[in-house]
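The chain below stands alone and is given as structure tokens, in the form predicted alone.
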């Protein structure tokens, strides 16, 4: 795995805002490798794949999860690129484990928005040392990119809901505060977002509130995301199905344990075979 030293100001911005953009972090060859992996994933979706747009949507929003073990292009990117070293610096962690990969494709004319949400409440992990990477292999206009509420990674946890019908299927209704209506008064919030080119990537904390728009008629938005775990992250089994789900993990890894499991390989520093 390659190294890449971040300027201190970049790390400080991530710690302060919970989201940053790093321009041209990845080479054209690395972007091409991911594009091959994405097209293979689209042609061979896993049993975890889902369509996240309505049947009457003129476009198509497709998601899939946890395919790194079967997808050789994903594996090469995860284990050979500089992404692990970048994640370590942003999280302030000596070691980095992969939590999971996530493919998100919005085909032209997809009007389905990705609503405002935090990721961590959907997961079976807790802790502060975490981050996600989101990178496109297509140019992404500002109106279609990920947006973030600066500082929202400081909490609180907010109610996770299903994207298409707004149902609380994780934490019991009323146990967490609901998200504020950010779209009703966008000027009241410090909203971060960047138009992106292939090779650019955004990194964000799992608690940072984020959302994304649909895509126009001439745009395809293929994006690949990775979730990373630092040293303070712990397994937190839930009595409900998490997203993604890790069947049988609670029988193998006790509550409160570090995520030292073959499903979550250490990618920084790279362990020798």
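None of the values given here were measured: they were computed from a predicted structure. Positions refer to the first chain, counted from 1.
Beyond what is shown, the protein has a form predicted together with a small molecule; the following relates to that form.
Partner contacts here mean any heavy atom within 4.5 Å of the small molecule in the model of the complex, and among 52-60, 34-42, 223-231, 242-250 they occur only in 223-231.
The small molecule is not drawn, but in the model of the complex it has no heavy atom within 4.5 Å of residue 99. Shown alone here, residue 111 lies farther than 4.5 Å from the small molecule in the model of the complex, counting heavy atoms only. By the criterion of a heavy atom within 4.5 Å, residue 119 is counted among the residues contacting the small molecule in the model of the complex. Residue 77 falls outside the set of residues with a heavy atom inside 4.5 Å of the small molecule in the model of the complex.
This chain is drawn without the small molecule; in the model of the complex, the residue among 176, 104, 179, 73 with a heavy atom within 4.5 Å of it is 104. Of the residues 131, 137, 146, 88, just one reaches the small molecule in the model of the complex with a heavy atom at 4.5 Å or closer; this is 146.
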